[in-house]
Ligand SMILES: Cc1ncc(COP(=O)(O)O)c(C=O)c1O
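Below sits a lone chain in structure tokens, taken as the form predicted on its own.
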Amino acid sequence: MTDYFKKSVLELHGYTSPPQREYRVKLNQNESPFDVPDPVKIELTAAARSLLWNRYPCNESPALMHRLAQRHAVEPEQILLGNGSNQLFQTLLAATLEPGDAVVYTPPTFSLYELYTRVYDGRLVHVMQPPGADYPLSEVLAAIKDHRPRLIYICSPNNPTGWEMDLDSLTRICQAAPGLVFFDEAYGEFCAQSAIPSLDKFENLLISRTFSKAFSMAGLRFGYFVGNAAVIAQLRKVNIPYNINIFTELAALRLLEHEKEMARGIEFIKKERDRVFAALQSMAGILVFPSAANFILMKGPAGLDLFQALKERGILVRDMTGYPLLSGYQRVSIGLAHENDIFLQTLEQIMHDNVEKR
């Protein structure tokens, strides 16, 4: 294999998806618990019949760029479309990273940042941010000064901790950064603020968005970047042509027409998140952290394999043990009310049984 592949690829473990099997409650992938409404599905499938499947789609979908620009009060030239935000992240690294270029980030955070940076032979400079801790701003600024990074990664709200960055800290970083600041707002609809208004002040700020969470399109793969028009123009040179298929384009445009309905689902998830957090906070033996996303990070007592105990009872959560500083932690997506109730009741029983065994 050494004759076929780069050393950086051979050394990787690769991305592993969480277990998929029969389950009672699925709370392990930060998906929306709401499927696209049936009337919209019927409308979409009928409209799909009139599309020309034998022809390439319109490259970059001007209609979708225009509609997203309206949504965020920017110009269409500031939008770059992708087959999921992860595809655009690869485009970003392909366009920017030379071997050995420094990249500053704050683990534990989204695992693909590290994986793809290694694939593109970037030099990772990590400043740790334990769950529940403030953003290590002074340490990050020092790393920027010492390493002059080509890229800085910030996920806000952060996956998997749920932490949200304040915009004053983002301002400090953008002012100090010699390269691009990649600001991942995959969970932006669930938090209090967006960095998009800051684009007017900082040419080096690049924001990532997705329809996989709040817009119930995880199965159709659609994401986009919002940034300075000159930055987007350079990324556009590297982006994959025809990367938005005709059905994904159709679905994204229709769901933007139904944004008020999507917003009701977002508000429900936020209220359920707060309810689940309060319930977890009241459970003896459970350590839990506030979240601005559609998931919650928690940890059970030492010696209890909470992931396995929940899995045996048909409840799928995400085991975060492979992440830095997160051995024994679990990430729980927010589901429908009855799913959250089943999770909480089952967890309470597991905790009760664990105490009884001692």
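The shown structure was predicted, so the numbers you read here are calculated from the model rather than taken from an experiment. Residue indices: 1-based, along the sequence shown.
The form predicted in complex with this ligand is left out here; the points below concern that form.
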For this session: Answer yes if any heavy atom of His126 is within 4.5 Å of a heavy atom of this ligand in the predicted complex; otherwise answer no.
Result: no
Tell me, yes or no, whether Phe222 is in contact with this ligand in the predicted complex, where a contact means a heavy atom of each within 4.5 Å. yes
*Are any of the heavy atoms in Asp184 no more than 4.5 Å from a heavy atom of this ligand in the predicted complex?*
yes
With heavy atoms only and a cut-off of 4.5 Å, decide whether Tyr120 touches this ligand in the predicted complex. no
Discussion item. This ligand is absent from this chain, but in the predicted complex, do Thr161, Lys299 and Ser333 each have a non-hydrogen atom within 4.5 Å of it?
Written reply: no
Interface check vs this ligand in the predicted complex: of Leu81, Cys155, Leu205, Leu97, the one with a heavy atom inside 4.5 Å is Cys155
Assert contact residue (this ligand, in the predicted complex, non-hydrogen atom within 4.5 Å, options Asn228, Thr171, Ser194, Asn86) equals Asn86
The stretch from 172-180, 278-286, 186-194, 136-144 that lies within 4.5 Å of this ligand in the predicted complex, judged by heavy atoms, is 186-194
Restricting to 298-314, the residues within 4.5 Å of this ligand in the predicted complex through any heavy atom are none
